[in-house]
Every structure is written in structure tokens, then in C-alpha cells.
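Just one chain is shown here, as C-alpha cells, and it is the form predicted on its own.
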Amino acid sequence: MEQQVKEAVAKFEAVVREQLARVDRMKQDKDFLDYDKLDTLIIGICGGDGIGPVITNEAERVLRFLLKEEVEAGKVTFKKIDGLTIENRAAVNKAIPDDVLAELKECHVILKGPTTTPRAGDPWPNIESANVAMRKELDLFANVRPVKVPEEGIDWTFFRENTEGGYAVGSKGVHVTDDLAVDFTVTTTDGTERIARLAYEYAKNNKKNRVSIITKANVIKTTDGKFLKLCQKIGEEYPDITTDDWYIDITTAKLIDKKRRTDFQVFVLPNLYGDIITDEAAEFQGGVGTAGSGNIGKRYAMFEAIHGSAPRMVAEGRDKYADPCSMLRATVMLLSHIGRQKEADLLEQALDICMFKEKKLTITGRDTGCTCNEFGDYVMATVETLVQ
């Protein structure tokens, strides 16, 4: 047993040293990239696997349609990145192959399809989630997920810390003995302060008057307690914004409480809680297939669907019927992030019409509904109608 304890301590030491080095890198961060100063904006199109290439290709087609003049003028260019499949990652036993990571780093913003993450019992090696790895490698510290249902009074924006919490070292837990396994949760001062400040700045700039901090600080006292206190301290710098805090369990209940859920506006929360609660929130909007997600850093940004890769659809030959709406919602966020707000607003209006108001085409995931390509045509035709 003594030897097993020593081995576990050595692994924990390696994790601590790695995280301390990451803290040093965060302290050296510079300002956010200014897209207006770029001669050419490079948008990476990374299909991932499963249904990812199908829905991502459709989003690219819509993007090219909306940015046609800039593409023709050479101000915007697209870079196709095909190597993030589970087969490629398993072959090199890495979450992101080195050559793929190099390609991603050549882009300014990335539109990414879903990727498969191996689970226990799968025929793949125990590699880290490609999403988690990309967020860490590109330091995409903020996961931003909006959910809107106007008729229900729901207008929520979630700022989920993306590089720490329970996911920070998710593949580096320790099997101490056959009877004991230990994982790690990470909270840093710099990591928490930057996600909190981004949430409060968003609230201030978008005329929101409430930010809710979500933790389980009554039980996870050290890491969640630190997250709560640091967010509250940042909140003191914004006296016009009300700060409240909630535990994650009661928050999930209050989101389905019609009397209370409309009080929420902006949320800031650690990684694991954010992952869970944003899927719940997306159900109000029509499910995870309708929601997009932004992953924001100072140098890079990545936008993605929040659902999985649906390998069964591919195996059954149904991938052409995949729903592109989540990718198209992510495309709205991408356009807004790079300063193309006019195009973002047009696409958002078109999606609201196609998904909720008109619904001339229905997506079922089978031949009982339209194809992904047909829905993309519908969206673009709706945009053309809006600009006429």
C-alpha cells in the first residue's frame, strides 16, 4: 500500500506543477485579438466526426452566402480541417493530433462540428475529449451559451468557465488501488476572475441588471468556495448590476419554476455545472439540437453545436437528415464575435422564422423530414426575403 500511495502522490505532484505552469501563462496573457486589424480573417471549418461534417458543411455554406462580398474580396477565407475524427485521434492516441492542432492555430476563429469522446467500454483508447483539449490548447476559457424563448420570458446567457473545474485534468485521475480512484477539481484566481469579468462586461454592455453565480460552495468548500468569493469580488466593481448566488441543485429546479426562472439573466459558473445546466436550459428552446455555443479566448475563438456526434445516424445512413440548427446558431455567435453583427442578426431572424414561426420544412432526422441541405436552402431563401 505504501508504494501505491507514493505513486499517487507523484501523479498529484505532476498535476499541481502543470497547473502552476498554466497559471504563469495566464498571467502573461495580452489583450483580445482585434479582428478589424486583420488583412484577412481565417475561419477554420472543422467537421469533427459522426454527423459533424454534414452539419458543419451546411453552416459553412450559409456563412459563405452571408459573407460573399468579403470572401470574393479576399478579406475572409476558409480553411478546411478534416483530421479531428475519432479514428485519427485513436491512431495517435491523442485528443488532438499534432498536425491538426497546428492547422487549428493557423485560424482566427473556428466553426467546429461535434466529436466523439470515448467512454469506458468503447473500442477506443482512453483519450481526452477533443473539446476539452482544444479549450486548453487554445486557452478558450469562456463557454458562452445563449437561450431565448421570448414567449416564456426566457432570455438567459450562460458563462461557463471552460478550462478548469472538474474537467481541467479529466484524464489524469489516479487509480490508487483497486478499491480507490481519485479525480481532481481545479480553481485558480486568474481563471475565475477572467470568466467573471467577461460575464459582468457582457451584462453591462447588453443592459442586463443581474448576474447569478452558480456553485456548490456549501459542500465543495475549497474550489467552489474560491470561485464564489472571487466572482462576488468582481461583482463589486459593477454596482449597477445585482449579484446573487445559487447552488447548482436548486438552480436546476428554479429553471423550471415559471414564477422564478424569468428573474435569471446572466449566469457565471464552473465547468461541470455549466455543462449540465446549459443542456437543461436548451430544452426550453427546443433541445440541444437548437442551441449553439461559443468558446472564447483572447487569441482564438471556437463555435460549435452543443450536441453529440450521433454515430448511429451515420451507421443507419441518416446523416444527410441531420439537424443543422445548432451549428447555425453557433454561426450566429461567430458572426457577432467577429463584428459582423448585421449578418448575425439576419441569420438569427431567419432561424427564428424557419424553426418557430413559419416552419415550412420540418427536420425529423429521418426521411420523414427534410435533409440538412434542404433546410440550409430554406434558411438562405429566408435571409434573401428579409433583405428585400
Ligand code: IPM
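Predicted, not measured: the structure shown is a model, and the values here were computed from it. The first residue of the sequence shown is number 1, and the count goes up from there.
The protein also exists as the form predicted in complex with the named molecule; that form is not presented, and the subsequent description refers to it.
With the partner omitted from this view, the residue of S129, T185, Q265, N88 that lies near the named molecule in the model of the complex is S129 [heavy atom within 4.5 Å].
For the options D245, D139, D275, E103, the one in contact with the named molecule in the model of the complex, meaning a heavy atom within 4.5 Å, is D275. Shown alone here, I306 lies within 4.5 Å of the named molecule in the model of the complex, counting heavy atoms only. The closest non-hydrogen atom of Y167 lies within 4.5 Å of the named molecule in the model of the complex.
Proximity of T223 to the named molecule in the model of the complex falls outside the 4.5 Å heavy atom cutoff.
In the model of the complex, the named molecule lies farther than 4.5 Å from every heavy atom of Q285. Note on the interface: of 201-209, 170-178, 129-137, 256-264, the segment with non-hydrogen atoms within 4.5 angstroms of the named molecule in the model of the complex is 129-137. Shown here without the named molecule, the chain has only T117 in 102-120 lying with a heavy atom within 4.5 Å of that partner in the model of the complex.
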